[in-house]
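In structure tokens, the next block holds one chain alone, the form predicted alone.
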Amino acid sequence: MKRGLYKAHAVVLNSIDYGESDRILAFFTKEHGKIKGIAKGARRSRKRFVGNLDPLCHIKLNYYCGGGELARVEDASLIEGFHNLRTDIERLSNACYILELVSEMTREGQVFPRVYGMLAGFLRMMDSGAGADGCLLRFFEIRLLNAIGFMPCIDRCVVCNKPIDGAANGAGRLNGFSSEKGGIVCGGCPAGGLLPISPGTARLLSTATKFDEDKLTRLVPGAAFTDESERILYDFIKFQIGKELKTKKFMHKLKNAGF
């Protein structure tokens, strides 16, 4: 970016203390994609930054780009704080998961206004109590992958290109999903290490990329959807970024602890 002052609408992705009084932050903005910046004196500020630079905050941001690695945050005003998310550990961990997912799946300088809108919109839905069963997270994952150009192939076989229209094809083997190959492999094509995926799960994920966000809660998953979609999408995400997400590990611990 050129040197100068900029304004942006942003969601705070993460924030860490730096030195005695500063904060280093990452934002996802509508206008400029992901940016990293430093807020001088943020931990001492009682006016400019109080409560506005915490992760999850949806803000209006003023910052100066001087050509260095970090922009300088000049001012921030709160649009939405998503306070309900912060009162429930499960909802908070789900929200932090999508923040980390966006942070890991995008690079600085990539402008995705659609991703900014999705991020704010899904946080708003989660803040209202929607998606407690995890389906909303799966819809966010598939829509994010679609928006940034990493959509797996889930409507046809990635090997033979035949449409997926049944649970079994070829020699009676079930369809499977391959993160390495980038999508579904039909039962008639040889491949190893496949994860099971039913046609119903594939269709619902495909449909979720086409619905308006405010209508996603109308989608009714089948019995297999929750487990299948979480397994294949996270395996695919891990393959793309090459590592495990910290928040996902924490979510597994919460689940195992009975939350």
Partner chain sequence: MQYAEPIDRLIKALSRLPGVGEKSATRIALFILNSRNEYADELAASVAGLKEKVALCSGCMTFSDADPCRICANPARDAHTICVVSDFKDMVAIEGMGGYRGSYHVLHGNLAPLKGVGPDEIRIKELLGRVEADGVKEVILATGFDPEGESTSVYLARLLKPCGVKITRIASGIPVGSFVEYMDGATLGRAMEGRKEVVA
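Note that the coordinates shown come from a computational prediction; the quantities given were computed from them, not determined experimentally. Positions refer to the first chain, counted from 1.
Below, we refer to the form predicted in complex with the partner chain, which is not included among the displayed structures.
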Is the gap between residue 195 and the partner chain in the predicted complex 4.5 Å or less for some heavy atom pair?
no
Using 4.5 Å between non-hydrogen atoms, is residue 1 touching the partner chain in the predicted complex?
no
Taking any heavy atom pair closer than or equal to 4.5 Å as contact, tell me whether residue 257 reaches the partner chain in the predicted complex.
yes
Since only the chain is shown here, I'm wondering whether residue 88 would be in contact with the partner chain in the predicted complex (any heavy atom pair within 4.5 Å).
yes
Partner-contacting position among 37, 221, 199, 55 - heavy atom within 4.5 Å of the partner chain in the predicted complex:
55
Just one of 91-99, 111-119, 144-152, 179-187 has heavy atoms within 4.5 Å of the partner chain in the predicted complex; which?
91-99
Counting heavy atoms only and using a 4.5 Å cut-off, do 50, 250 and 253 all touch the partner chain in the predicted complex?
yes
Looking at the partner chain in the predicted complex, which residues in 1-32 have at least one heavy atom within 4.5 Å of it?
13, 14, 20
